[in-house]
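Below you will find one chain, with nothing else, as structure tokens; this is the form predicted alone, and questions on how it binds or moves follow later.
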Amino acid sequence: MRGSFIKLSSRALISFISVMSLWGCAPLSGADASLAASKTQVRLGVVLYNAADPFVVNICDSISRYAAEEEEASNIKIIIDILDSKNDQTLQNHQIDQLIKQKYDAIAVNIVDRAEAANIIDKVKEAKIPTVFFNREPVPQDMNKWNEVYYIGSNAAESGEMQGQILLNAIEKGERFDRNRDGVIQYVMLEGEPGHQDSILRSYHSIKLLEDAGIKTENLAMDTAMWKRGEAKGKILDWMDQFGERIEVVISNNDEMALGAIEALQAKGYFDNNKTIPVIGVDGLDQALQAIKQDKMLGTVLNNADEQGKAIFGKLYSLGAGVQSRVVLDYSADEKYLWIPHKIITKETIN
């Protein structure tokens, strides 16, 4: 194995990893099969918007795991270069330029700024390098600029609906969240990055589901915490000072911010003597599952990082090597998009 390593988590040192994989796709033509048979290695580039994001790191851990399994099963060496753009689109553009210059066989992009997708697609199209976007979806107009551009992710509207369903299920089971008995659920909303499709759709659909079910709601406050735990803690502390016990529910666009909310609530004396506020997140992080078990979090929605990483890796390999993986065999492409389903997680459903 060659190349330098970058540390993305305590569990994974990933960069220039030798591997291989696929997506279920149409049979190879004779020419494609000959090309694949002649390859002794394939080079795949993975560019992250920010390696400080735990969910993105989990996706990378999955890519690395399936990569290692595939190399053991194959005779083809595959080099994966995983790069951290540190939430800097200018840096990401430079990294992608370098991957193009070095003629990587396929590239996966977790884009910093969705508005930059058209520029990236123009570059990879000119270089004839198939590209998979993930986690941050370009707009359809950009995706349609080239037939060798794909997207893998999860349906953000679905995750928002499931957040609302977690609260609705609890209410239907007799939970009393309307502490002031005014017939309205007062809530605060922790949002992710402004303009990110997941932020917009999760915020909207979580509340819409409740209102469609006849639950009256009142938004006391909503603001971005940029997917970050520390920023979320600060927001909740400010809102607790402003609204006090009027806050009846905390809805968060992801688990990291939900965990920050829990830290803030603990600082205000919650979770002692059965004093609680329901907190709902998205992602299914290990710490969130622990918080659910401890009755500090009502529930979360599993955004399956392992399955996304598996699918990303498989698609990259099929594009870059032109041969089916011996490990990733259970995905089929629906044209340009693959959606990984969500799952509700509450204390009753944790294994």
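Numbers for residues come from their place in the sequence shown, where the first is 1. The shown structure was predicted, so the numbers you read here are calculated from the model rather than taken from an experiment.
We do not show the form predicted in complex with a small molecule, though everything after this point is about it.
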*Kindly indicate whether Arg202, Trp227 and Asp283 are, all three, within 4.5 angstroms of the small molecule in the predicted bound form, using heavy atoms.*
yes
_For the interface check, one of 309 to 317, 55 to 63, 291 to 299, 39 to 47 should have non-hydrogen atoms within 4.5 Å of the small molecule in the predicted bound form; which one?_
55 to 63
*Looking at Asp81, Asp198, Glu248, Glu191, which has any heavy atom no more than 4.5 Å from the small molecule in the predicted bound form?*
Asp198
_Partner contact for Gln163 in the predicted bound form: the small molecule, 4.5 angstroms, heavy atom_ = no
*Might Lys123 be said to contact the small molecule in the predicted bound form, defining contact as any heavy atom within 4.5 Å?*
no
*Heavy atoms within 4.5 Å of the small molecule in the predicted bound form: does Arg136 have any?*
yes
_Does any part of Asn254 reach within 4.5 Å of the small molecule in the predicted bound form? Heavy atoms only, please._
yes
